[in-house]
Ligand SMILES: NC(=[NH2+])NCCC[C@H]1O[C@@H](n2cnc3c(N)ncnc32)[C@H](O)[C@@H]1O
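A single chain, nothing else alongside it, follows as structure tokens in the form predicted alone.
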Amino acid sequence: MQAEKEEEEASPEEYVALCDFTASGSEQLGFSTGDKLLVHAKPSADWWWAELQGVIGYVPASYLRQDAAEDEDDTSLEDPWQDDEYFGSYGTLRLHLEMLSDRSRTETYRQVIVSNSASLRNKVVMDLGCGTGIISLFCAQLAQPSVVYAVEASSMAEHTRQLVKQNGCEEVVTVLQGRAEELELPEQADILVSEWMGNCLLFEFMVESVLLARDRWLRDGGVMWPSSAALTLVPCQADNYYSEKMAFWERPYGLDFTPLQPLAQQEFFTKPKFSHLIDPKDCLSAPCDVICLNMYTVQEMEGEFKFCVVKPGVFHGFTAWFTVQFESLEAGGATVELDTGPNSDPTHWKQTLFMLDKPIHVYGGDSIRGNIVLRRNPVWRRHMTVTLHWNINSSSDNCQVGTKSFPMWR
């Protein structure tokens, strides 16, 4: 009986693919929407070991669902925006402590308010995703707007009301709890300010809520802060990280553990490394902006790059960061910029590292061309996939081409 029970528990489960997935390494299993996969093991919450038509490999768990056909009319399914989990995380102090402790981030927003204080007089300000209300409080204390609508969807809004009263700003700041999609304001705003940026600029896609609020509540000629944004990319070395996660398995304690290296590559290099701090000396070329966003218009989330390698080194991957700009309300006033790159003071975002499956030796004068595409996950819409295509033209006439997709999820 015990043997039969163990065999039953070990039976694979059938799942249906909700969207296409392109494998980026020999250990991954690609599939198309509607494919039926057998899941043999769930070694982590993110990656499962599955089979499709006799081929086995790792698959992203968030791309699969059991009994998808039966679930189509089930309104009890989790909201694909994952609002309960997403807003729940902002209802606790952990993330707010991290953001408020980021002086570069917070002082930049204060600088924007101070440098535009005269022009903010008697204006209507909307602070979307206000959190603890720090930007709204800056507006109330450092400028003289007629009203600030501090909008927060999470339960933190209850505490924000207390903070507004505690700091004597209740006559100026009105806290509204609700999502941008459901919000009703008594009037249109002259300024829409928000700190919507995520890792690699767009992660979590709060920007979509900002754009919706823009279209609904920003008056004609109104101003958005940030007003523009750019995602920056650079090819880089990452010797320490590669040694820590991959080279370690070559001879630990004098033993050959290299059979574990494919597993290490799958586990550590398939997803991007958040909170990476790149040493400027590890940049193999000058960085370039690959995606530029004008917050008043709609853009495609993709761009091209061309790098000229300036020194010999080992090309381990790409590092990304972002900058945002705040246009001045004052005639001839200076634009304020927040830069999360390696040559600026560190922020809580730091940088994001995308590792190649295998390092490549490059030399001065080599060129690395390609493109980057950021796509929201069609199922879980706060997740996204970053796909990088690259072509290395070497002075030795060798040409190497590569493509890799990196799923990013909460």
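Not measured: the values here are computed from a predicted model. Counting begins at 1, following the sequence as shown.
There is also a form predicted together with this ligand; it is not shown, and the following applies to it.
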| property | result |
| --- | --- |
| Option from 91-99, 304-312, 281-289, 334-342 whose residues, in the predicted bound form, bring a heavy atom within 4.5 Å of this ligand | 91-99 |
| This ligand contact at P262 in the predicted bound form, heavy atom, 4.5 Å | no |
| This ligand contact at R179 in the predicted bound form, heavy atom, 4.5 Å | yes |
| Close approach of S154 to this ligand in the predicted bound form, 4.5 Å, heavy atom | yes |
| This ligand contact at E204 in the predicted bound form, heavy atom, 4.5 Å | yes |
| In the predicted bound form, the one of P272, P145, G222, G131 near this ligand [non-hydrogen atom within 4.5 angstroms] | G131 |
| The single option of W196, Y242, W217, F138 touching this ligand in the predicted bound form, heavy atom within 4.5 Å | W196 |
